Every structure is written in structure tokens, then in C-alpha cells.
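This document starts with one chain, in the form predicted alone, laid out as C-alpha cells.
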């Protein structure tokens, strides 16, 4: 199959013109979204161009330390984003989110790149960085939803939880139902995506490979692998986040430390 069609700067200008149409629509309907559209568009261009420049240098360098540095920055930013999206937080939440993402996405992506794809070396930037980005992007959404759900229940149902504890329930018994609900909520996005993938939408990795000239069947194989990796990474991330939040808010004396939960 033929390779991807090269895009010129003029092509990007035409694409940007479509954003103007969105802004005009906002003005016509008085949605007051023009400023947000402009800021989001500028950030999109700047961030993607910056990432493209950095990745070109990393790909050309082909050094493990450079790939590791990029991955570390990605994990740190993803961990912060996962926690800041929640309406509530607790002391140490940012650290917990970052560590959970690093372990969940890190272990999963290494298994995928080294064990399944078989890239050599296993830290090859062409495979490791894009796949890690997809795992982090999806996992942080699940983590954010899970954390938000659990902290909301702890804050709004604290009296019921404390009543259960006062009647002899252990901290695990009192927190089990909120934890289960939080994990289920965190898993909803990836489960919904897996349910309709290929029918309602073509995922980004598959679309990118097809546009790049790869065989659709090869693109499908890669997409199946990445979807399963995302599911595993999200599961580990969501469960890990829930358990760390549980340990932070319930002490060994089976008491709820509800004052640690605060609105952002």
C-alpha cells in the first residue's frame, strides 16, 4: 500500500479555518465559547508541534536514557492530570496517582512492547512512547472517575460509614461497597470503548496506521493488542488508586479520617 500523503503548511491553515467556522457558530448562538476555542486551538498547535520536535530528536538519538526521560515526563503529567480532574482530593493524592499510573501503565507497556510486539530493543521509542501515551491517556480517565466517586461517597456518606464502624464493622467492611462502586465507575469508559470499537468508531492507532499505508488487517491486529493493554492498565490503575485512597482515609484502628477529604 502507498505511504501517507504529506501535509503542507497550507493544509494546516485550511484545517485551522474550520475552527473559525466553529467560532462563528458560537457567536451566532451566543455560546461564549470563542475564547475557549481560540485558547484550545493555540494550545493544540503549540503542544503537538513541541511534542513532534522532541520525538524527532529522541527517535534520531536512539538512546535509552532519552526515551526514559520522555516517559517519566509523560507519567508525571498524567498522574497530575488524573488527580486534578477530580472534584475532591486528599493529602498525598497526587503522589498516589502518579505511582499508580507509573506501575500500571509501565508494567503493561513493557509486557506489550517486549513480550507481545517483540520490539528490539524493548525500549525502542517508535513503539514504547506511543503505546505508553495511549495507556496513560485512557488509564488516567478511569483513575480520575474512580477517585472522584470514592471521595464523593466518603464525604457525603461519612455518617453512615462511621455508624457501621461504631457497630463493629471493620474498615474494609465499611469501605467495600464504595470501593466497588468507584472501581466500576472507573472502568466504564474502557468497557464502553471496547463494546463499540470498530462498529461506531475507528480508534486512533488503527486509523493512524491505515493513513500511514499499513494493511487494515495489520492495523486491526495492533489495535486489538493495544485495546487489551489499555483494559489491563486501566484495571490495575483504578484498583490501585482505590486501595491507596482507602488506606489514606481509614486508619488501622478502623476509623474514618473524613477531614482528610477536601474540595479542590
Partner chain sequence: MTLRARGLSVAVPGRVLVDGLDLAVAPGTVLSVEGPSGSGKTSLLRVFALLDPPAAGAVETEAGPVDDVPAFRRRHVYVPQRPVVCPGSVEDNLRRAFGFGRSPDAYEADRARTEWRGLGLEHDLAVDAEHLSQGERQRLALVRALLLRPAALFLDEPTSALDEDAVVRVETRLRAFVDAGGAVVLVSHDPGQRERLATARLEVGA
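Everything numeric in this text was worked out from a predicted model, so none of it was measured. Residue numbers count along the first chain shown, from 1.
What comes next is about the form predicted in complex with its partner chain, which is not displayed.
The candidate site formed by 164, 255 and 259 is fully in contact with its partner chain in the predicted bound form, as each residue has a non-hydrogen atom within 4.5 angstroms of it. For residue 192, no non-hydrogen atom is located within 4.5 Å of its partner chain in the predicted bound form, even though that partner is not displayed. Its partner chain is not drawn, but in the predicted bound form it has no heavy atom within 4.5 Å of residue 80.
A residue is said to contact a partner when one of its heavy atoms sits within 4.5 Å of a partner heavy atom; residue 173 meets this definition for its partner chain in the predicted bound form.
In the predicted bound form, residue 118 stays away from its partner chain, with no heavy atom inside 4.5 Å.
This chain lacks the partner; the member of 179, 99, 114, 169 within 4.5 angstroms of its partner chain in the predicted bound form by a non-hydrogen atom is 169.
Residues placing heavy atoms within 4.5 Å of its partner chain in the predicted bound form fall in a single listed stretch, namely 153-161, out of 90-98, 121-129, 153-161, 137-145.
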